[in-house]
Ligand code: PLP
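Next comes just one chain, in structure tokens: the form predicted alone.
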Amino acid sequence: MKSESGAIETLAIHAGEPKPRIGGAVVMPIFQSSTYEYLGEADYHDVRYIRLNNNPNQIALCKKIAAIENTEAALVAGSGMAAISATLMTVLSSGDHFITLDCLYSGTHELTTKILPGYGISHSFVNGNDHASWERALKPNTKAIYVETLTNPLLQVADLVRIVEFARANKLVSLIDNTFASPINYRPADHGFDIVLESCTKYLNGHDDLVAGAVAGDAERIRPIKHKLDILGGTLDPHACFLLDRGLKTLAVRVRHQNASALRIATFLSEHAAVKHVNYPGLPSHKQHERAAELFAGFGGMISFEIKGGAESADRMFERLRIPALAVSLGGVESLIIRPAAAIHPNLSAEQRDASGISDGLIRLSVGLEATIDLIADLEQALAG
């Protein structure tokens, strides 16, 4: 049973907080201790030691994340990729096969194609909207299906409802990277996904000052992932836990502002003469707009678009921009802009990028918390130059 109840705004602030308050402190203190007094714990993974993910800051944070994801349990890790790696290496073993989307985050793509095969784990890429491709990919040793709520950087929305049904019908573990949506816009567990993954570096923390990941789901699924992570050592330190806990408290207000701001900016870009195409699920022109409107509480703060003139024009535009920083990552209070082909997916070949629709001139914009009118004015002057 889920132990916390209430609106997500309230849970993000109060869930997991110690009761009674420690020393009367309204804010959870930082427990900067690597080890704790032994109390007779019988299991190795229960011994109180920071690498074993049971520091008081880790415990409180896991309870908060479970509450906002509406799951029984959660686990924090030293990065989003640590969370993804530990999860896939727990769910899958040598000889297993899994199905995944043909447009993955670059780190997950490299894990899938270059690291997991070395452990005897194979994969098949499928189109998230081509149901027949899922059936064709199915094998006797298929154990899981892994998807992303919104793909990076094209903001595609797979048929998530059918994916859950497909997984259940074929007894597959369904895993979803929910980073681009955040639990404010979409709670995958409420829609039937078994395991939810988040790069907390992005929206959950929201301040571009830490790297962290999270896994959420039923307790019986999270427990072995924790044990795997305990051994692999991808632990989140207490100070980072403190910062992430603080960031989570403003998650709802941040994401809702970013939703509204990104929609206005995407609309502006779609109407600009210098812009060829805009990818944003909140626009009626988006291929999966109706699906996104049905599934999501908001369309997110990520936009990708192409301007006339390709990569050279994009780079000239970057030189004229005054507000967004030219940087990777996303979801923070500062707006960030980048060309994915150059900085996010450089390890993919030109042919692989073309097949995924990632042109050299594609621009990705993470909308921050600056005034929307200032961001639009900045983009307008940069596009006019």
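From 1 onward, residues are counted along the sequence shown. Just so we're clear, the structure is a prediction, and the values are computed from it rather than from any experiment.
Although it is not shown, the form predicted in complex with this ligand is what the next lines describe.
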item: Heavy atom contact within 4.5 Å of this ligand in the predicted bound form, the stretch among 292-300, 164-172, 124-132, 199-207; value: 199-207
item: This ligand contact in the predicted bound form: residue 330, any heavy atom under 4.5 Å; value: yes
item: Residue 105, heavy atom within 4.5 angstroms of this ligand in the predicted bound form; value: yes
item: Non-hydrogen atom contact residue 244 with this ligand in the predicted bound form at 4.5 angstroms; value: no
item: 4.5 angstroms heavy atom contact with this ligand in the predicted bound form for residue 282; value: no
item: Proximity to this ligand in the predicted bound form, single hit among 275, 253, 211, 89 (heavy atom within 4.5 Å); value: 211
item: Selected contact from 98, 186, 180, 305, since only one has a non-hydrogen atom within 4.5 angstroms of this ligand in the predicted bound form; value: 180
item: Any residue of 70-108 that, in the predicted bound form, places a heavy atom within 4.5 Å of this ligand; value: 79, 80, 81, 84, 105
